[in-house]
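Alright, here's a single protein chain in two forms, structure 1 and structure 2, each given by itself as structure tokens.
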Structure 1
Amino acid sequence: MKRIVSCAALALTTAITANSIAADYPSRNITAAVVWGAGGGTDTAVRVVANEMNKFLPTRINVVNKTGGVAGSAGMLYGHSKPADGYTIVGISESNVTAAVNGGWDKKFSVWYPFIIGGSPDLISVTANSPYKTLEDLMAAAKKAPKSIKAAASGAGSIHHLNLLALENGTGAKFSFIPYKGSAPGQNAAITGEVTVVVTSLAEQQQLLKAKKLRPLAMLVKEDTTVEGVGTIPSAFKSVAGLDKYLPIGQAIGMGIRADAPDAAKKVLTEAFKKALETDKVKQWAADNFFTISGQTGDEASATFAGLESLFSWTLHELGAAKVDPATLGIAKP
């Protein structure tokens, strides 16, 4: 009897403590470790949103940068080595899903409970003085002489390269893909005419479009987009039938806490996150930077990341650029 009572008491105290931990969350400051460098796209987005989340939380989120490793693995290993109590957030982007196949770490992306802020949509542009005025012009020329038109889209296996591949698959056109180390050198090459076509995000291209150094042909998302000083860029989905089977492949910049963190912490953070995305400051920042807000959390966000993980991992594998076979990691084929 005594034993049962003490057991019950123990269970009760545990429950109360657990509850009080949960009810108290957050009782101290939260650390957000951005796995990419200070001032980069992920860093900026996470800092802007975290700053607004602070207004809806009793304590603060302090943003730090933990860079290095392979595809941000150093920061993710750091975040994952901390207790699953919701006090450590990682600032991540879609490129982090390749950390496992690149040998940075051995975990699937499902170890995170993600919050997706969003990303900037990709578009296809050409050199300003090239003869191609519309996407149809370009596709007709590319089909007429396959692989004769040179295209830049950051490195092999990058999100922009995946967009270019998807566009090729959706239209049947074939380009000669020239890899560049990052978006900026590829865009420069398109300005000089070294390559004709470039696929990068609107945030990265906007200044060059405004300076008339590049001519935008089509957005690789469902919606048309209007850029001040450039005009309306039509969606490729209108001119190419059936493109929605392959696109959009969007950037997914956001945050994550360990998936095994307490539900209470997930709930508190989700609420603050959703409220932060509704603030004028975040909305204004997104508009200024051509950033599309997603706002996905929980299962929805996990599904997005799982899809990206599968797509990225298997594309890299097919390009021969993956170090680890995605099958051995249990990543399903897209």
Structure 2
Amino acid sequence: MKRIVSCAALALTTAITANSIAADYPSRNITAAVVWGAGGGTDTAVRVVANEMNKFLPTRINVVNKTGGVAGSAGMLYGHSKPADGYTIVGISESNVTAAVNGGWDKKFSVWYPFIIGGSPDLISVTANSPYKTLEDLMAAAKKAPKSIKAAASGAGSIHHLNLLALENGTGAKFSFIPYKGSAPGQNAAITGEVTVVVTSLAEQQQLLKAKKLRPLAMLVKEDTTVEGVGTIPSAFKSVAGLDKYLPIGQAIGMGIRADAPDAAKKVLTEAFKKALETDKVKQWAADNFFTISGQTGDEASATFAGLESLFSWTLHELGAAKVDPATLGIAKP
């Protein structure tokens, strides 16, 4: 009887302590671990928004980078290994939903309580001195000599990699895919000539395009896009038939805490996040970078990521690029 009473008392004490800690949240600085490299789209967006969130929090969010693994799995493993107290945020994107089917870890994306900032459309570009002037030129060369042209598209299983696979599948062209730890390293590789082709977002490439360090060939969405100082970038859908089977796929860049974190922490972070997205600084940054703000949080954001997890995982499986059958992970078909 004493043991039962003792256990009940311990459980009550633990609950009271947890509630007390949650009520004081945050009482110390929060770490945001971005799973992609510094200077990339996720890193930039998280840093901009976190800096604005700091204005609405009693403590600070300090952003660090935890790269590596498969599809950002190293950073996610790091974040998930920390206590579920809301003091560790992971900077994530839609590309992370393929970590499981790529063998990076064994969890579904539902382990996160996400906050979606938004995203920017992808495009395919080449080195500035490349002989390829159009997408048709590039695809013809990649078909004539399969895997002779090196291409960067961030990490394996990223949205950029998936877009590259979709182009290959739609045209019969084959590139030699070189994975990098993020968009910025992949773009730098294209600038230096380490690779010829790069697939990343317009937000990430725009300054390089304006500086003539990269040559844009096509947008990987259905609309042409005009960029000041660059001109109009045509849609790949105009020259590649069958792309609508896999594309377009929108980015979902944002943050997440463990789904089992206290409700109080989720509420505080949600309020700060929503307020940050309404600031002039975030709005101007989004406008300047062809970035569409989403603002989804909680159940709505979780549903978005679940849909992307299903679409990305099964698309990679159908393209023969997944290491793990999504069915074995409990990932439903789209």
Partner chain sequence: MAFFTNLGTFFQTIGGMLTDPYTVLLLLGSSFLGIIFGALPGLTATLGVALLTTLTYSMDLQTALIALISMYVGAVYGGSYPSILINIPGTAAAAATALDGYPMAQRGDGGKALGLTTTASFIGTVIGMIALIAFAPLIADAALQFTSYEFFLLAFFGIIISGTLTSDDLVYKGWIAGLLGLALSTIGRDQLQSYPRFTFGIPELEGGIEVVPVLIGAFAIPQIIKSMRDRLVLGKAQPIKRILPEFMTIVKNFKHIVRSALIGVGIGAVPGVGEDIAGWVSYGTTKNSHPHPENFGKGEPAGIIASETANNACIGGALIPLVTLGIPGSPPAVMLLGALMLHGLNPGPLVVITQPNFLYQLCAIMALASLAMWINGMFLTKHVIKVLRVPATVFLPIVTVLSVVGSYALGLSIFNLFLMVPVGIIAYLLGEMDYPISPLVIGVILGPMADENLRRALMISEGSLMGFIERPVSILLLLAILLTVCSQIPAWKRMTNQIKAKVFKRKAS
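What we label the rigid core is the largest C-alpha set whose atoms superpose within 1.5 Å from one form to the other. All residue numbers here follow the sequence of structure 1, with the first residue given the number 1. Bear in mind the structure is a predicted one, so any value in this text is a computation, not a measurement.
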{"property": "Chain form predicted together with its partner chain: structure number out of two", "result": "1"}
{"property": "Selected hinge residue, I249, V63, T297, K275 [rigid parts, motion between the two structures]", "result": "I249"}
{"property": "Angle of rigid-body motion between the two structures, smaller part versus larger, in degrees", "result": "39"}
{"property": "P121 CA shift between the two structures in angstrom, with the core used for superposition", "result": "3.3"}
{"property": "C-alpha positional change at S201 between the two structures - rigid core reference, Å", "result": "4.2"}
